[in-house]
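Single chain ahead, written as structure tokens, the form predicted on its own.
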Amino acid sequence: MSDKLRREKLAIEGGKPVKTTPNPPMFPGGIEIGEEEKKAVLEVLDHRYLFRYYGPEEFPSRVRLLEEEFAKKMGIKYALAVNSCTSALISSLVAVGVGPGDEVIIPGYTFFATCAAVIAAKAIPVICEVDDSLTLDPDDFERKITPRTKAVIPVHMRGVPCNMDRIMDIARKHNIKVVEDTAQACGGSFKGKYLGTFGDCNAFSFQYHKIITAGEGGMVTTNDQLLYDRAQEYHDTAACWRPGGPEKRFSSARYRGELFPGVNFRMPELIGAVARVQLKRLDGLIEKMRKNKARIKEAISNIKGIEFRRLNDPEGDTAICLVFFLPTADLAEKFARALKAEGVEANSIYNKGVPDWHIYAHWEMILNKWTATPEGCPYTCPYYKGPEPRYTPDMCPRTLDLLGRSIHIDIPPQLSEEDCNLIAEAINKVARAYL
């Protein structure tokens, strides 16, 4: 065997792996946590100001400052800090008026929390296809609309913007509320406008896997003061927040629908302190990921037999991952195993035998309509006038086909140029063997 052929032997077949450098974990902001975050936390502790409304001495609430800075950064009027993105989604749905008898359209590829939030708001989730951008398919969204459709949740999945022009046009045409799920795409944009600023109410995440992180936490954004007021009321039991400060908390409602019992989704001051520092890191993290992704993508752009995930706006992609499609699911699974052997953390997104709460076919609780109590709400709600919801694992065949044929590779900002070159070399090596 020639030296060239020996070098080309796949690692999965006993050859030498292309990449032996360590793979940074995909915690973009989490890995960057350092002295600035420590200083911010200690400052809160030194003043013993752990609750956003008061403490033993005067001290500016870090949560309130985060809200102001986040709204300014995103170019939106109102930002409301909460304790998770799930809380942000529920608060947003309640704010826009979703409730018993309503349907909310969601994509079949999103973290389960998107669907769980609909249930928590006492509405029926309607699962929709994604297209080759792996975000909400506008055509299927429009097909799924019924007289009971109250809202849609476009999810900017894996950091890529949805087609917000078409989604907003369809929603406005049918008088449907829009709640953007921007959990995985903070800092991304569509046609020059930040994601999470298009919808009526929108949700962000600061959970540890996200681009910027405080471990947990989330944000609601809106340009509508009424929706902002309603989200505030809901996230804070309607007990503490009132216009004019704590002394006004027991004042009467200013308008019908302003005051109602809510829950406690408040963000703690320590989370707010960390998130403020992380917000300053956002642009730098995205710049590095975009540079890394562009380097890898350019180096594999001539491979015949792969199809890159379509980007609704390439300039707005956060670049947290690289996704491309292969002709068959079997080939994608084989390709991913070979890449792992070459030292690249890759996977095919959908595998029937590997439960993944990001794919509707694995949402056993929804497919079986399991509920916390035997009454079966919201599926059995007397206010719901539609046919009994029916969910099956194969109800979104295009979604499963695309995810099954996919190769997914995380693009941490901590990758070096050498790492990017080796990832591209490994992809080319496997492609020469299998395509």
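Heads up: residue numbers just count along the shown sequence, starting at 1. As the structure is a computational prediction, the values presented were derived from the model and not from experiment.
We do not show the form predicted in complex with a small molecule, though everything after this point is about it.
- Although the partner is absent from the chain shown here, C85, Q207 and K210 each have a heavy atom within 4.5 Å of the small molecule in the predicted complex.
- In summary, among the residues Y350, Y194, F324, F111, the only one with a non-hydrogen atom within 4.5 Å of the small molecule in the predicted complex is F111.
- For the candidate set I90, I106, A273, A183, a heavy atom within 4.5 Å of the small molecule in the predicted complex is found for exactly one residue, namely A183.
- In the predicted complex, G217 approaches the small molecule with a heavy atom inside 4.5 Å.
- The shortest heavy atom separation between V155 and the small molecule in the predicted complex is within 4.5 Å.
- Here the chain stands by itself, but in the predicted complex one stretch of 143-151, 199-207, 262-270, 281-289, 199-207, has heavy atoms within 4.5 Å of the small molecule.
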